[in-house]
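Here's a solo chain for you in structure tokens, the form predicted on its own.
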Amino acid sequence: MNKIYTIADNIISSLGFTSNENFLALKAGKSGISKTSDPKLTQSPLQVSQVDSERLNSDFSRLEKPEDYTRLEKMMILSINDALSQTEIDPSKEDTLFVFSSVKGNIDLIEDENHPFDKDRIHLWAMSDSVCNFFKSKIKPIFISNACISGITAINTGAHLLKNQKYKNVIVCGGDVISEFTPSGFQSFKAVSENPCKPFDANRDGITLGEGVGTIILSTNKNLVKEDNPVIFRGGANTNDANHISGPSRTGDGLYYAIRNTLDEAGKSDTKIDYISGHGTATPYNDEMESKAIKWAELDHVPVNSLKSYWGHTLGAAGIIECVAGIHSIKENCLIKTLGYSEHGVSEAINIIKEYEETEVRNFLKTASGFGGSNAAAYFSELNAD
């Protein structure tokens, strides 16, 4: 079976416009979360993680006119362009597919009646067409919008198409922006914390929202690989626990099955996993459920972190940027601490990473859960790891 190589990536977030900038901030324990009272976003002070608009427009102006693209489209184009610059891939060729993930897409256009774009630009398909047209892609893209598992689902979808030899390269890009609409929904659930989020902590009281974009390029073309021992995609799976429109299963069964099926697909029969990049939203129910799923999978000994206390919950970007961070953890042999965690706050004694550590990391498991009972997981490792 074809191996799925991860050959390039990018992260655009409050912590920087490249994967390297972001990972350096993670290693230093630097969060991009800050308080805002911007009336365009919120009626009360809100902790958020936002992309630098001035830098966004400045960097984008080197490629094209900023006014011709929405905020999210500019972020996606910049992210994809940076990732492609690390490869020899021609995105206009028919062997390369674009897979997008987003929860809300160009949602900010709803709130601005004077925007200069066609009315169809609010649709997800129109947004993806805009980005694909920039790169002169002739292939109809795939768009995944499945709550907070959208990013991992996009990676799994792209990888499975590569395994079936439908394409040689897949460019996976996911993102979301913060607008007034985004926090209002979570605030209605009383799920937004007044402070930067504290994943898995006893004092956690809700999420922190963030915006950003992540890109990861997958390929079956070994000739594009520039490393002797590259990181490869081994397996991925989705499940649905069908528990509630917004609440996860209290037992963790749906996420457990996603983990089990992922490791089965990867041919991983033991529990020797170096690291779990958890979903860790810092809501009471999600973190508790996730701890049960990890315990059920007999992975409670494995170091676990959540990176949402650095970036916030970036929705359609989350699964992708957190996978990119996991890939860089392998490349740099280190584990990033869970910022904001000080007192264990879930029922299962899972192994939360408390401090930055330099140690051998050869593989990792990424998990995610979302509204509607959706769950997803993906497993990556070095080529020569078991």
Partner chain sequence: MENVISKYCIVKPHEVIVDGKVDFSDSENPEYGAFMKAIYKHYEVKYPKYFKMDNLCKVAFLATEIVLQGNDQIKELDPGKVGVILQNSHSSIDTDSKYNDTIKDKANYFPSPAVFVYTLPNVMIGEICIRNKFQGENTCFIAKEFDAEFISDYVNGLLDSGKIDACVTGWADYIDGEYCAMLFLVEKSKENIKDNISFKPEFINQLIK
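Residue numbers count along the first chain shown, from 1. Just so it is clear, the structure is predicted and the values come from calculations on it, not from any experiment.
From this point on, the text means the form predicted in complex with its partner chain, which you will not see here.
- When contacts are defined as a non-hydrogen atom within 4.5 Å, all of V103, T157 and E265 contact its partner chain in the predicted complex.
- Contact with its partner chain in the predicted complex, judged as any non-hydrogen atom within 4.5 angstroms, is confined among 233 to 241, 306 to 314, 215 to 223, 70 to 78 to 233 to 241.
- Of the residues S85, T271, S184, N203, just one reaches its partner chain in the predicted complex with a heavy atom at 4.5 Å or closer; this is S184.
- A single residue from the set I89, I139, A147, V302 has any heavy atom within 4.5 angstroms of its partner chain in the predicted complex; that residue is A147.
- Shown alone here, E111 lies within 4.5 Å of its partner chain in the predicted complex, counting heavy atoms only.
- In the predicted complex, its partner chain lies within 4.5 Å of some heavy atom of K166.
- When contacts are judged by a 4.5 Å heavy atom cut-off, S14 does not count as touching its partner chain in the predicted complex.
- Using a 4.5 angstroms limit between non-hydrogen atoms, F143 touches its partner chain in the predicted complex.
- Along 105 to 126, these residues reach a heavy atom to within 4.5 Å of its partner chain in the predicted complex: I107, I110, E111, E113, I122, H123, L124, W125.
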